[in-house]
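A lone chain, given as structure tokens: the form predicted alone.
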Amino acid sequence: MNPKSLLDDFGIAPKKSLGQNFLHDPNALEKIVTTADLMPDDFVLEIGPGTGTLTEKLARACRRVIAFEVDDRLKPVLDEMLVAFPNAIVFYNDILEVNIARLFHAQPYVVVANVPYYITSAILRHLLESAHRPKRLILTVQQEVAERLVATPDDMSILTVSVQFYGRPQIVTRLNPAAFWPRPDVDSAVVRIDTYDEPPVAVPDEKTFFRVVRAGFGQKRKQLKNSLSGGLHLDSAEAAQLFEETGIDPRRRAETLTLTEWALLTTAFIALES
């Protein structure tokens, strides 16, 4: 059912403050479910079920859908849409406040989400840094964000490094604004992220790895010797030692580094501190 007609029936208007753009294109919805590669015994975490159009399709394809919606005005809509699907349960909570590991315990799960674009990065961090990560994520995001997720050296960002440390992202398809109501002002894309059992680079300490990465990206367009010295509180001799041991040119910028080079810097920094 068209989301505008459905919401009109319940006297509900989309909230711009929540970034509500409801995906209704049937081909796009089908593509998302197909991309999720769901099996009958799978558990799905859906973020932002909206009017339940995608939730219904997910519930037909898997064992259970656990959805989180921040807008409790949508409860009567979702109750009506999902009445025939007892395997779909909706909680009216902020996903950023949910303990994911406690929610699923040791049960593998898949994430499917049409996330508000303004909190995409926060949701990705919350899911990927969880003690119990999903086995894959299928996310509808702003196209610009999708391109950042799959970026390669010379165009890396802290978001790129963070996501690629935990999984392999790929852009599945691009979506025209007409696929949503209300129409967003930007193009969108569906991204699939397959998480790793182990990170693709070995680091002595994950927290220190991200501390080094944050320091490197902390001062945009500055050379690494300046950004790392400032962000990690290194004097000139310590900074020189860091680059000498890793063989990385201190004049480079953070966006040019590979994950392997960030891992080398982390290892050298930990040795420097010890």
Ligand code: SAM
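The first residue of the shown sequence is 1; numbering continues from there. Nothing here was measured: the structure is a model prediction, and the numbers come from that model.
Missing here is the form predicted together with the ligand; even so, the following discussion is about that form.
- Out of the listed residues Ala61, Ile248, Val70, Ala239, Val70 is the one that sits within 4.5 Å of the ligand in the predicted bound form by at least one heavy atom.
- Proximity to the ligand in the predicted bound form, defined as a heavy atom within 4.5 Å, holds among Val115, Val110, Ile193, Val190 only for Val115.
- With a 4.5 Å cutoff on heavy atoms, Phe22 counts as touching the ligand in the predicted bound form.
- Not displayed here, the ligand is approached by Asn93 to within 4.5 Å at the level of heavy atoms in the predicted bound form.
- The ligand in the predicted bound form is approached by Ile119, whose closest heavy atom lies within 4.5 angstroms of it.
- The shortest heavy atom separation between Val141 and the ligand in the predicted bound form exceeds 4.5 Å.
- Shown here without its partner, the chain carries Leu18, Gly48 and Leu74, all of which come within 4.5 Å of the ligand in the predicted bound form through at least one heavy atom.
- Heavy atoms within 4.5 Å of the ligand in the predicted bound form are found in one stretch of 209 to 217, 35 to 43, 222 to 230, 48 to 56, which is 48 to 56.
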